[in-house]
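Take a look at this one chain, the form predicted alone, written out in structure tokens.
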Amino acid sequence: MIKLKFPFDEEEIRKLKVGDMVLLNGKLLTGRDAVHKRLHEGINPPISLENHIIYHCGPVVLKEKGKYEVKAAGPTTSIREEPYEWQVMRDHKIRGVIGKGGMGQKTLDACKEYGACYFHAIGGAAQVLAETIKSVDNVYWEDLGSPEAIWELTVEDFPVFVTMDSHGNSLHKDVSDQSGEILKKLLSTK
């Protein structure tokens, strides 16, 4: 088990390999489709993304006693960000993204070139993951709506697995390739 703390350093990220379990500490930023679209369009974010990890998540956040509290924070499917993620890595020097389901070749190439990783968070564990969020420190681009806004969170031991690393390895590609080979064999025996 590897513990990483914000700001996430490129050298530390480049040491990670597919299969590593990581506990993230410090700041995380959420960002889904609308955030990525704005960044792709060249709109500068209201907070520096450098050395951050972006969590593909639309958290359920309630305001209680004048303070935000995250009630659920499960990962969303990441492949929707495939057209944009490589550019966000290049232009904003993020060190990784968290989501579920993996991403494609453009993102894998960007991880290798810019020193980033794709981290897989466990789907279906939204409430458990929310318990690792110690505070909501800010919210940006609220005009996008609560699930699409950028939420600045402080986390403690947020659990993720490296499934795409900066060395060009992708667990998602491996599984897809292996499944394709098995399917070919099954279809050829009929």
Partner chain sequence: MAKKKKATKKKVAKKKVAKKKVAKKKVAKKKVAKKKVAKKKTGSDQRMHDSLLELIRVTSTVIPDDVQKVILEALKREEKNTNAEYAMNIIKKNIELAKTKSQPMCQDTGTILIYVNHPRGFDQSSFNKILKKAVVKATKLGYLRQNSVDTLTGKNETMNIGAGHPSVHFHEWGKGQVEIKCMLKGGGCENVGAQYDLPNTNLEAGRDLDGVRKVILDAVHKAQGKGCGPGILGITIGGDRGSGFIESKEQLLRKLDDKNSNAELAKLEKDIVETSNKLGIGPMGFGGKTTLLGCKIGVLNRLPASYFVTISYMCWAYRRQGVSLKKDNTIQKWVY
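Residue numbers count along the first chain shown, from 1. Everything numeric here is computed off the predicted structure, so don't read it as measured data.
Only in words, not in the display: the form predicted in complex with its partner chain, which the text now covers.
**Q** Let me know the one among 47, 122, 43, 139 whose heavy atoms come within 4.5 Å of its partner chain in the predicted bound form, would you?
**A** Of the listed residues, the single hit is 122.
**Q** Can you pick out, from 73, 97, 108, 88, the residue that has a heavy atom within 4.5 Å of its partner chain in the predicted bound form?
**A** Contact with its partner chain in the predicted bound form is made by 73 alone.
**Q** With a cut-off of 4.5 Å between heavy atoms, is residue 80 one of the residues that contacts its partner chain in the predicted bound form?
**A** Heavy-atom contact with its partner chain at 4.5 Å: present for residue 80.
**Q** Taking any heavy atom pair closer than or equal to 4.5 Å as contact, tell me whether residue 168 reaches its partner chain in the predicted bound form.
**A** No, residue 168 is distant from the partner.
**Q** Does residue 156 make contact with its partner chain in the predicted bound form, using a 4.5 Å heavy atom cut-off?
**A** It does not: once its partner chain is placed as it appears in the predicted bound form, residue 156 has no heavy atom within 4.5 Å of it.
**Q** Using heavy atoms and a 4.5 Å limit, would one call residue 135 a contact residue for its partner chain in the predicted bound form?
**A** Residue 135 lies outside the contact set for its partner chain.
**Q** Using a 4.5 Å cut-off on any heavy atom, which residues of 4-40 would contact its partner chain in the predicted bound form?
**A** 19, 21, 32, in sequence order.
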